[in-house]
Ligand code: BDR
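Just the one chain here, the form predicted alone, laid out as structure tokens.
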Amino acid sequence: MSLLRLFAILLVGALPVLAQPQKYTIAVIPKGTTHEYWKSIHAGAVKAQRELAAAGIAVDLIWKGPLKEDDREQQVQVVENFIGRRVDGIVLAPLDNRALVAPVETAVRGKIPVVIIDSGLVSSAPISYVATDNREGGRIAARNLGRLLGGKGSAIMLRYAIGSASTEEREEGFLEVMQHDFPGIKLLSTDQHAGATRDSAKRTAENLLSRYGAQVNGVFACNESSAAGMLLALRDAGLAGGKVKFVAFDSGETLNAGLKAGDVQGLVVQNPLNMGYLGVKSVVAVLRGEKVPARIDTGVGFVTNDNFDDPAMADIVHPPLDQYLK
């Protein structure tokens, strides 16, 4: 062997071996796809995808969920389809804390890690739970509505849907504080469910206001769609503008405009963009052999007209959807 050829072999052997680019297929499955809240989660997932790409980690992000937030069977089918496609990981906001247990546990047994976002699941199979402290959010709503009412009068709580762990936690937190801290406020109705859409929420709210309108002083609605429906019903009944104090959970164009108009007195806000972002980052971290916390709290706060324009609230009340979804 010539000295020149030997030198070439030694030189090649000394060069660093370039790592193959990493690529993962991640399915992100929301409860629904129409409300602004879920669009914010989608934007957060895309934000994570772009950051990972900049770090040399390619993520094929698949966004798919049921159209309506009460179609448990369709969401189960979506999860099962992704298991059959052998995606690398799943980020899921379960519609029902029990109905989604079996498909999630099937995924994990098949070595497909699952991160739960937004709403809990009655299972220890998921690797992490990324969400708001929903019970504390309900407590915040109660403290502020109780303050607005001066600790007296009558109030209504509009629930969302049976089996939705996130909103059930909010409802329980609200009732806990109202009953303990504000015994002078009578709870006229706490058992009515708004359903999956703004229209179904409006119908339920109209029935409640038709029955209790002359007595009600305050209202709490526990998610974006139920709050939007309640807002429309309050306006139609001539009870908006502060005649009935209204505290809602979540933000969005309709609720933000209601706050600015004085028809909503306060919004308990979470950070869905951060939820989608951390959901994707967490499942990719696990796929790369890293450990992630079993529970990641994405924070909760309270927005009024006084702090609506605070820069710290910008990503929450004005999520940059166009930046990530166009």
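Just count from 1 along the sequence shown to find any residue number. Just so we're clear, the structure is a prediction, and the values are computed from it rather than from any experiment.
Note that the form predicted together with this ligand isn't included here; everything after this is about it.
Peer 1: Only one of 280-288, 52-60, 253-261, 27-35 gets a heavy atom within 4.5 Å of this ligand in the model of the complex; which is it?
Peer 2: Of the stretches listed, the one contacting the partner is 27-35.
Peer 1: Residue-level question: is Glu171 within 4.5 Å of this ligand in the model of the complex, judged on heavy atoms?
Peer 2: No - in the model of the complex, heavy atoms of Glu171 and this ligand never come within 4.5 Å of each other.
Peer 1: Looking at the partner-bound form in the model of the complex, is Phe82 within 4.5 Å of this ligand by any heavy atom?
Peer 2: Contact with this ligand, no.
Peer 1: Might Asn223 be said to contact this ligand in the model of the complex, defining contact as any heavy atom within 4.5 Å?
Peer 2: Output for Asn223 is yes: heavy atoms within 4.5 Å of this ligand.
Peer 1: Does any part of Gln75 reach within 4.5 Å of this ligand in the model of the complex? Heavy atoms only, please.
Peer 2: So Gln75 does not count as contacting this ligand.
Peer 1: Would you mind checking 142-165 for residues with a heavy atom within 4.5 Å of this ligand in the model of the complex?
Peer 2: The one in contact is Tyr160.
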